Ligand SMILES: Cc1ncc(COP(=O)(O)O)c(C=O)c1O
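For reference, the chain that follows is the form predicted on its own, supplied as structure tokens.
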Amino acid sequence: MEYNFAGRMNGVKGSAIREMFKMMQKPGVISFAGGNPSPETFPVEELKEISQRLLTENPGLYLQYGITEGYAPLAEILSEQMKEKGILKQGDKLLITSGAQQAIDLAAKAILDKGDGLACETPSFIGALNAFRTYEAPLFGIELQPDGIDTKMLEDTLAANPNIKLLYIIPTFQNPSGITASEAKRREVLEICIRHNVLIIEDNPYGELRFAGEDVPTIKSMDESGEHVIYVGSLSKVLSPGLRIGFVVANEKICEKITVLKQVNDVHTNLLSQAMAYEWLKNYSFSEHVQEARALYGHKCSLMLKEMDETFPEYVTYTRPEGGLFIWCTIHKDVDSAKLVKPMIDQNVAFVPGCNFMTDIDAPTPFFRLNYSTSSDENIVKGIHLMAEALKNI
């Protein structure tokens, strides 16, 4: 049978990163391609104890349906955290979602009509870009500079395209670049978007993972009215991605729409996972846990950068992140990084080519992303040396 799929599926492709995982099943491949937090940071024994206790004390509660807005004790503790950071303001609500990906998807679904434009950093997070494509939104890529999004280009793009309704931005340890936007840039972004009546989705999954430099206020905390920014957070990178706990903080009118959409999407986020996350946040030290994760990622990032500094050819440059999970590399030659994927895997090392993070996924790019969070020190050293040798031969 020939299927006649919805037009919204045009231009939407499965994650090339997921497809690459199939190639990386080859024994001995060192992968810098993932985006996962390190399993070393998972509080396994603590979560094991919590889950056993919950299912012993009241299994009928935690294996039952829950409310769409989220498990109330968890929503309350997350709301308090967001208030302390100036993110949740009067007139805002917090809604728990099945990971940050769902929060991004539902926010876009609530705002975008077919043909409405969306501006975003380029490069940007592939999961968000594909979500926006399914709502048939033209994507307008705004280039990144060392201190964040190009605000002049943003201003000019919004002025020239009044159909743009949303700006999607990852201002802290951006995926894939690792870049952090300056405080001045963040304030300018907010002012520009308010002036053009454009809502901002601020995605902040890596904000707790700073291992160098100074904290920068979120854009949401700068929004005095609380009306212009939809803030997306997650416990995936600081607790466990498998629990699928994300959340959105936005004006209550926006959250009401997202709540209705979530009801027809998955009814509610996994209740047992929410209860486990709440018990962990209540009974264990979040700050100590995060400090350990920061130390681990800081070490791995420093080691990878050191090896790159010593071995990569001079025509390959890269960012030096102060947190998060990624390093963004540029090959200053006429080369398409996508064509290097298979030769690299043949040499037993893997990365993600830059085309996956662009608004035009079919255009060749000289960029690639490296991840340092899950590899051992030995594999970081070995893998970077293998990459260096391959890069010298292009």
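Since this is a predicted model, take the numbers as computed values, not measurements. One rule holds for the numbers: they count along the sequence shown, beginning at 1.
Below, we refer to the form predicted together with the named molecule, which is not included among the displayed structures.
Taking Leu209, Leu112, Ile104, Met82 one by one, only a single residue has any non-hydrogen atom within 4.5 Å of the named molecule in the model of the complex, and it is Ile104. Among Arg186, Lys237, Lys220, Lys262, the residue placing a heavy atom within 4.5 Å of the named molecule in the model of the complex is Lys237.
For a residue to qualify, one of its non-hydrogen atoms must sit within 4.5 Å of the named molecule in the model of the complex; none of Ala181, Arg294 and Gly323 qualifies. Note on the interface: of 166-174, 251-259, 220-228, 190-198, the segment with non-hydrogen atoms within 4.5 angstroms of the named molecule in the model of the complex is 166-174.
Proximity of Pro123 to the named molecule in the model of the complex falls outside the 4.5 Å heavy atom cutoff. Ala100 belongs to the set of residues with a heavy atom inside 4.5 Å of the named molecule in the model of the complex. The named molecule is not shown here, and in the model of the complex it never comes within 4.5 Å of any heavy atom of Lys93.
In the model of the complex, no heavy atom of Lys300 sits within 4.5 Å of the named molecule. Interface residues of 271-309, taken as those with a heavy atom within 4.5 Å of the named molecule in the model of the complex (partner not displayed), are absent.
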